[in-house]
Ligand code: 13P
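Given as structure tokens, the chain that follows is alone and in the form predicted on its own.
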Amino acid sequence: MTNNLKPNPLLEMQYQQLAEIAGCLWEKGWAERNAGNISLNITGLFTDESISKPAKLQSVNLDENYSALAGMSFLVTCTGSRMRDLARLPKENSVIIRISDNGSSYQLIPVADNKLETKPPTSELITHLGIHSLVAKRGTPEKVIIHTHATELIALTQHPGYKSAESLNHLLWGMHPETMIFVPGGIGFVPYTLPGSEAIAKLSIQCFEQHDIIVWEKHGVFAIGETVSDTFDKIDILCKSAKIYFMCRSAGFVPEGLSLSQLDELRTLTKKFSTQ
């Protein structure tokens, strides 16, 4: 007997937001084929009682214990799903998982009678869970993780001069004032590491201790935020700065960038806004 979630307006809203941003990622050209994945912490949006016709849920063991996420629920894109399909059919290209009470496994919760339970979550799940675990431990409000192949930022990491957080942020903050205002923490940098591996998950988690967005060398970016739109915006703003840089270079000149004193002035303004 299949488990189905009863109608839930709050959960439906999350699906709508997920679909909207998936469409943006596709239109930006950041989601070729099945590139990218998204996860949302939806804990509290439904309870066991909201699952009709309960039956034995499929359980999957985790290689690592995520005790900080015990009992939490997440909406996660399915492995192999395409953002262009997620934009049209969010339920058919995502799955809800619930972490066990001891943090050692998760259960797949189907949302309808359409074989969703046969689709596993993204192959980058361990990175997502590791980042969500970091957020849970520090008690900050981020609930969303987006991984996408942001072309402009990937291109920067192909340049030998931009293989560190310091060099990337110096460039990106300098191209446009909005970058400092809305991404004051800058971007973190993860040297090329095998995607989907425990090694890249650990390096990513370390980066997120200091940043809300990180770039994987020659691969893509991960960003965290309170909503799907907020998370997308961080990536979009940084890509705008990278695009300005490339446009200037294509026009035959090296962009001047904002001066250190101008950046300090913006940093002061950002701190003022954050305390209001």
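Numbers follow the displayed sequence, beginning with 1. Keep in mind the model is a prediction, meaning the values are calculated, not measured.
One more form of this protein should be noted, the form predicted together with 1,3-dihydroxyacetonephosphate, which is absent from this view; the next part is about it.
For 1,3-dihydroxyacetonephosphate in the predicted bound form, the listed stretch (243-251, 58-66, 28-36, 204-212) containing residues with heavy atoms inside 4.5 Å is 28-36. Contact check at 4.5 Å (heavy atoms) against 1,3-dihydroxyacetonephosphate in the predicted bound form: none of N41, K143 and K234 pass. Interface residue among S104, T151, S167, T79 relative to 1,3-dihydroxyacetonephosphate in the predicted bound form, by the heavy atom within 4.5 Å criterion: T79. Taking a 4.5 Å heavy atom cutoff to 1,3-dihydroxyacetonephosphate in the predicted bound form, the contact residue among N93, S100, T157, T122 is T122.
None of the heavy atoms of H132 is located within 4.5 Å of 1,3-dihydroxyacetonephosphate in the predicted bound form.
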